[in-house]
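Shown here is one chain on its own, the form predicted alone, set out as structure tokens.
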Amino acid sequence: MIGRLTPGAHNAITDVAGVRVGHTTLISGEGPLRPGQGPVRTGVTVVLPHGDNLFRQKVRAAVHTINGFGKAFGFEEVRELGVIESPIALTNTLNVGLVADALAQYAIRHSPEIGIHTSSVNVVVGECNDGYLNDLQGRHVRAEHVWSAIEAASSGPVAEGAVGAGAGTTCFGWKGGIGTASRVLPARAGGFTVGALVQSNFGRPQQLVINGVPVGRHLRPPGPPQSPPDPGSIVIVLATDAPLTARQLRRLCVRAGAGLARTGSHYDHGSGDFVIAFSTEGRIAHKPASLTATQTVLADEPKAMDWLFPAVVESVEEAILNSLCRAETLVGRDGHTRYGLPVDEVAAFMRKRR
């Protein structure tokens, strides 16, 4: 286990009550790249802060850009208004527009007043470039795949590794993907839960650090170096049931970078490293019944943050490592291969170092 805090029941973002996660994984074809046709190694992952209508019952939220070499969608309105009002979707770089369109269609279908009797909707999409294994130009994630992921979203255990948006991604030169983890604060600190989910696609083999041990200096993927020309990216989604404002959630977002750094990343020039955070406590009605409302807030922010910050760091660090440890070897276009991290070999090496 990473750190000192206790994981939740599933060690997943879904340990925050009400949060749901769904994937659609697209893997088909093999052999040489045929732009627009395949092979396909991609997908979409969705995170739902709750199971009700998100447009009508928004949640407080924040976003943070660690390094902005990416195509995140919908961040500006979250920065301005401090709420999220649709499922959060993760996918590949060139699929952002199609996935955003699918989220808009989904919102309109469930709230037909959008754009007619009320405001438009802001959808949020994060991305990583999976083009080393996947036919990126094909933009194979379509509306039905996004809707399927939303309909399949559930609480409880979360599938990790080469699933959903992580189907074709790379982490430290090994097969990466989706990873998740959680931490529960002690009762004296409110007993709040923090969960993280990541789409990992960054780092070079020699940079990998696991629980403080520089594993990457001694263990490399087999065969000749196959690193992509750019260092890749990561999207981090944070959830908590602590009653945080958008300002306080942004403070959590910033600390996610520390968890990323503890795995060996130093935020390369070409990386798109983004964080999205939300609280499930205290929903924001699209049409409030009155001008003011009474809500629960933190009375002692310093005491709460002293626990929430390390919970974020530990959850992010472990979620990244889980994305590695859960991913299996995958062959993509043109025979490009990303090998699964040899977990037993890593464990033996770490026991020796300890």
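Note that the structure is predicted; figures quoted are calculated from it, not measured. Note that residue numbering begins at 1 and tracks the sequence as displayed.
Form predicted together with a further copy of the same chain: not shown, discussed below.
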(message) At 4.5 Å by heavy atoms, is each residue in P35, G70 and P243 next to a further copy of the same chain in the predicted bound form?
(response) yes
(message) Please identify, from 160-168, 126-134, 173-181, 193-201, the stretch that has a heavy atom within 4.5 Å of a further copy of the same chain in the predicted bound form.
(response) 126-134
(request) Would you please decide whether M305 lies within 4.5 angstroms of a further copy of the same chain in the predicted bound form, comparing each non-hydrogen atom pair? (result) yes
(request) Would you check, heavy atoms only and a 4.5 Å threshold, whether S265 touches a further copy of the same chain in the predicted bound form? (result) yes
(message) Can you tell me if R139 lies within 4.5 angstroms of a further copy of the same chain in the predicted bound form, counting non-hydrogen atoms only?
(response) yes
(request) Indicate whether H145 is a 4.5 Å heavy atom neighbour of a further copy of the same chain in the predicted bound form. (result) no
(message) Heavy atom within 4.5 Å of a further copy of the same chain in the predicted bound form: which residues of 299-321 meet that condition, in order?
(response) A299, D300, E301, P302, K303, A304, M305, D306, F309, P310, V313
